[in-house]
Ligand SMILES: Cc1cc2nc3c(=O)[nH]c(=O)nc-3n(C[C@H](O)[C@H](O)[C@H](O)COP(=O)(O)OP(=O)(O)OC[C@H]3O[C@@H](n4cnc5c(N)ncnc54)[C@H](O)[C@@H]3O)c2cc1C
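Okay, so here's just one chain, in structure tokens, the form predicted alone.
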């Protein structure tokens, strides 16, 4: 017999939601994290409407909404002269806001809700390896040489790949993208919109201003393709030189150091796990390669994993959990990620940002699809409508033509 039905390694959003869901399903759950919470996590801090919708279904969005800043639209900027705003609008569940809450607070809130459901929590406990064969339990080896056993294991360790490699889930360290963020108080000119700016940044990528209150903001940048220059250095250069940031940060007070962080955007269904070990969230490469957003993917993959594990434990002792989980991921994300990577390569690389923003500004249909795509509501078929697909193909053609002309 195993000590637990499920072991979950990592108590961030994906791990905590997995623990919450599985514990509510009546399973005996062990949750491990090497940190003591509250602990900081470097991030853009945004919860998309899609992520908020799942939290609403779980009955926990109220606590988060009470502490978060609710953004109701986005401003896209190519320059002082080329800037426009778009409201998010409500989805069919009545959700419209992008919730911005620093991960220091968000992750602690999610963990508290998870622990209220009753898992056994191993705080400040490092897992060094997870092993699982066909006939025996999953063995979770701790750094103090203890071993905890469970029928199924879920790994939710984010971009950190050491445990995945030691456990035979990755053959080598995966390529990662990088972003950086910093916090400021007394920021000028904030409203109820987030700002994404494309001027002065390396493409494909963007800079952002995400208000965390009426006068404070998470400010950052990311380049979602491999580059050699450190992201923290890029962000410092933007803060010192970018015209929008210089205006809004005049007299502002930096309240935290600039920190860079890796992003795994390499999702494939093969990264979902092996045997009775499942990988959720960024441990499966589930980060949007255009925006770097991963919280809603963490939530959704946790839900898929919990449902697959619960039904499989009841049916066949957990043996079919991975197959069902992989199929849910394939149906939900495979086409989306193929589209995201095409858009990144064909429409947002090199000098195409101005053309992209001009096309978005000119087309209401493209404008809405871009907003829905950026913030988690677009479906693959939305990208295939003629009034969306044709402008995208035009951008790709112009980019290819410019490349040929040198």
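Positions refer to the first chain, counted from 1. For clarity, every value in this text was computed on a predicted model and none was experimentally measured.
Separately, the form predicted together with the named molecule exists; it is not shown, and the next lines address it.
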Heavy atom within 4.5 Å of the named molecule in the predicted bound form, from candidates 119, 318, 294, 205, belongs to 294
In this chain shown alone, the residue from 209, 287, 132, 329 with a heavy atom within 4.5 Å of the named molecule in the predicted bound form is 287
Answer among 257-265, 238-246, 309-317, 197-205 for heavy atoms within 4.5 Å of the named molecule in the predicted bound form: the stretch 257-265
Quiz prompt | Non-hydrogen atom contact residue 43 with the named molecule in the predicted bound form at 4.5 angstroms | solution = yes
Report yes if any heavy atom of residue 338 sits within 4.5 Å of a heavy atom of the named molecule in the predicted bound form; otherwise report no.
-> no
Point to revise | 4.5 angstroms heavy atom contact with the named molecule in the predicted bound form for residue 35 | key: yes
message = in the predicted bound form, does residue 105 come within 4.5 Å of the named molecule, counting heavy atoms only?
response = no
